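Shown here is one chain on its own, the form predicted on its own, set out as structure tokens.
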């Protein structure tokens, strides 16, 4: 059985930063695996630990810089990785769901996995439709917001977290795409042994031509038009003194605002 896990490198912005045109200046960014994808990786690795016949392959869309981040997934137990990148992607500010779907669909066609795991959403752009869009494009069954998963042959028994605290138990026939919710497991830390082993694991670069695609595949309907820091609409007031003095000042302000008035 082959499990394909989509992973994304996301940027975390430092508290104090500067803008460089339509982007945050590179020196103020730190990169890491997308939080939701870490849970998907852990779920796939646990399946592989239960069955020696399971191969876990991760795929990401990202430049060469992202290989350092991808190796963290390899260090946690992913067997090998695919990194999709092309010169045509260099000038794309923000890939929309359709473009991501076209790229990932081509990878699925090449790898022929039994099922695909994705994170529910991305930390940076907050997109949450890629998994379902991918399932539709490749004609796989799907389930979103999965917080429990058990495989029985060619059927995935899943529990889904719906709105209003409602949970749904359902069966999904494989092949399928499942988008994984946080809380389904406890993602492991990469061990020193895993980190060393990850250095020798394959990260296969794939261009658009490798996937049988051309530049039209990454055309996006999204365009960044502006980037700015939001203006502060109110000032914060800090009360000096010890806890008692601060509490007294706060009480005075609240009385002046009419809080607690009869």
Partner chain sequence: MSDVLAITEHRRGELRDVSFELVTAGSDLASQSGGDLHLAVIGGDVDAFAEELALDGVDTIHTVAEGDEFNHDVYVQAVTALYEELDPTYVLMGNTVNGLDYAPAVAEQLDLPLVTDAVGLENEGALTVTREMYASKVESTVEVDAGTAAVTIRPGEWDVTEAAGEPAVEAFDVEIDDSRVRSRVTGFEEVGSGDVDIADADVLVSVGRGIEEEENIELVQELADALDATLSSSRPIVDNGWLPKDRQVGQSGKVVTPKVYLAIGISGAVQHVAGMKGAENIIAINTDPDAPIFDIADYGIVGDLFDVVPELIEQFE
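All figures in this text were calculated on a predicted structure; none of them were measured in a lab. Numbering follows the first chain given and starts at 1. Between two forms, the rigid core is defined as the largest C-alpha subset superposing within 1.5 Å.
Here the subject shifts to the form predicted in complex with the partner chain, a form of this protein not shown in this document.
When you look in the model of the complex, the only residue of 87, 109, 150, 173 with a non-hydrogen atom within 4.5 Å of the partner chain is 173. Taking the partner from elsewhere, residue 169 is found to have a heavy atom lying within 4.5 Å of the partner chain in the model of the complex. Taking non-hydrogen atoms only, residue 14 approaches the partner chain to within 4.5 angstroms in the model of the complex. Although the partner is absent here, residue 51 lies well away from the partner chain in the model of the complex, with no heavy atom inside 4.5 Å. The partner chain is not drawn, but in the model of the complex it has a heavy atom within 4.5 Å of residue 223. Using a 4.5 Å cut-off on any heavy atom, the residues of 127-157 that reach the partner chain in the model of the complex are, in sequence order, 127, 128, 129, 132, 133, 136, 137, 139, 140, 141, 142, 143, 144, 145, 155. Comparing the forms between this form and the one not shown on their rigid core, the Cα displacement of residue 163 reaches 2 Å or more. Once both forms are fitted on their rigid core, the CA atom of residue 232 lies 2 Å or more apart between this form and the one not shown.
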